[in-house]
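Shown below, as structure tokens, is a lone chain in the form predicted on its own; questions about how it binds or moves come after it.
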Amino acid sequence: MTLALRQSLLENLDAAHNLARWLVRDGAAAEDVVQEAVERALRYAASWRGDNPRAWLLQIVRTRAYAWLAERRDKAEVPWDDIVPLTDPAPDPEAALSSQQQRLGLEAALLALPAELRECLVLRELEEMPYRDIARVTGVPVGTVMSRLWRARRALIERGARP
């Protein structure tokens, strides 16, 4: 394994955890998913073809996250409340409440999206990945990524939430 690949894996751990957290909806499970994904990346580093290491890692994370979900399909989902919410340090309590309600509305709208729409939106809007890399991570054509993003954004707007 090259030093550059190892460094890139370390630099992209936050992105990997963010994707895993949105897919499995459980902070602790997301950590496990990322750990297993990094272990797989290290074990199969020889299969890396030298292209975008971030997309390669996130593809492994996505695969592992869906495997984790499949293993637990019969079990009850972990409520979103179990994940520590991000706080907005607003000086005005009224503004803080309004901001929190908007954030919770957006989180609820995101969670209501089908997984294939949610993952594309998270990768594009939160991780700022280009369409080509999202296509690689999700294993679908670029046109499908664009369609999923359009459908996800439309669904959020219909629910009154903005990405």
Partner chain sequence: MTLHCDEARLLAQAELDDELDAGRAAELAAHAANCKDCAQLRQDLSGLSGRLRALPYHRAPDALRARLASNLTPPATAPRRRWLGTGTGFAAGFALAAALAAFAILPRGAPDMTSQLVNAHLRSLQAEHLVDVRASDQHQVKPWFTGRLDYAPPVREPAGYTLLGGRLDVLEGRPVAALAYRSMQHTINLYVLPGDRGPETSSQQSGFNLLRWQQDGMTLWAVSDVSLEGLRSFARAWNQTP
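Here the structure is a predicted model, which is why all the values come from computation and not from measurement. Residue numbers count along the first chain shown, from 1.
Another form exists, predicted together with its partner chain; not displayed. Remarks below refer to it.
> Considering non-hydrogen atoms and a 4.5 Å limit, does its partner chain approach Y44 in the predicted complex?
Y44 belongs to the contact set for its partner chain.
> So in the predicted complex, does E116 come within 4.5 Å of its partner chain, heavy atom to heavy atom?
The answer is no: E116 has no heavy atom within 4.5 Å of its partner chain.
> Does its partner chain come within 4.5 Å of any heavy atom of A112 in the predicted complex?
A112 lies outside the contact set for its partner chain.
> Closest heavy atom of W68 to its partner chain in the predicted complex, within 4.5 Å or not?
The answer is no: W68 has no heavy atom within 4.5 Å of its partner chain.
> Even though the chain is shown alone, can you say which residues of 121-159 have a heavy atom within 4.5 Å of its partner chain in the predicted complex?
Result: L121, R124, E125, L126, E127, E128, P130, Y131, M146, L149, W150, R153, L156, I157.
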